[in-house]
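Given next, in C-alpha cells, is a single chain: the form predicted alone.
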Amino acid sequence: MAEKFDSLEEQLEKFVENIRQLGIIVSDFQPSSQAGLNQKLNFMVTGLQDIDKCRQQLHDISVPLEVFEYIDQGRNPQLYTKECLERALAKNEQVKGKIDTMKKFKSLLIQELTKVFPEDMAKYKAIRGEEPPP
C-alpha cells in the first residue's frame, strides 16, 4: 500500500519542481528561452499524465471532506485524526455516564417497586432469574 503513495508522492514532487522551474523561466522570459519553455510545458503535461496513472492505483482510497477543509484552512491534516479521537473519547465518556445513570435509575426503580408491589416484583425477579420465588 505504501508503494502506491510513494509513487504518487514522487510524481507530485517532480511536478512541483517542474512548475517551479517553469515559473523561473516565465518570470525572466527571453525569446531565446522559448525552446526551454516549450520543453517545460511538455514535461508539465507528461507529469499530469503520470499523476493520472497513479490515480487508478488509489481509486479505493476515500478521504473525509473535513480533511480537505483542514488543508484549505492551512491546518495540519493529521490534526483531524487527533480531534476525531478526542471527540470519540468525549462521546464515549458521555454515553458511559448515561449508562451509569440508567443503571442507578433501574436499581432505585426496582427498590421502590418492590416496596409498593412486593408480590409482582418477586414474580418479576423470578422470571429474570435474580432470586428464587418465595
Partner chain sequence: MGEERAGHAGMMENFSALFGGAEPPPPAAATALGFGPGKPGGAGAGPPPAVATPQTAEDAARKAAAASGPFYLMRELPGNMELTGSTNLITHYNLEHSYNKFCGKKVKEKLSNFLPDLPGMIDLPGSHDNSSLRSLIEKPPICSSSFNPITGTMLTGFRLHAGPLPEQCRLMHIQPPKKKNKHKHKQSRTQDPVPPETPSDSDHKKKKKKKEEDPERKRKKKEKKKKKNRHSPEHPGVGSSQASSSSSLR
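Predicted model, so just to flag it, every value in this text is computed and none were measured. Numbering follows the first chain given and starts at 1.
One more form of this protein, predicted in complex with the partner chain, exists but is not displayed; see below.
- In the predicted complex, the partner chain lies within 4.5 Å of some heavy atom of K106.
- In the predicted complex, K123 approaches the partner chain with a heavy atom inside 4.5 Å.
- Using a 4.5 angstroms threshold between heavy atoms, L58 stays clear of the partner chain in the predicted complex.
- The partner chain is not shown here, and in the predicted complex it never comes within 4.5 Å of any heavy atom of I110.
- Looking at 64-82, the residues that come within 4.5 Å of the partner chain in the predicted complex, counting any heavy atom, are L65, F68, E69, I71, D72, Q73, G74, R75, N76, P77, Q78, L79, T81, K82.
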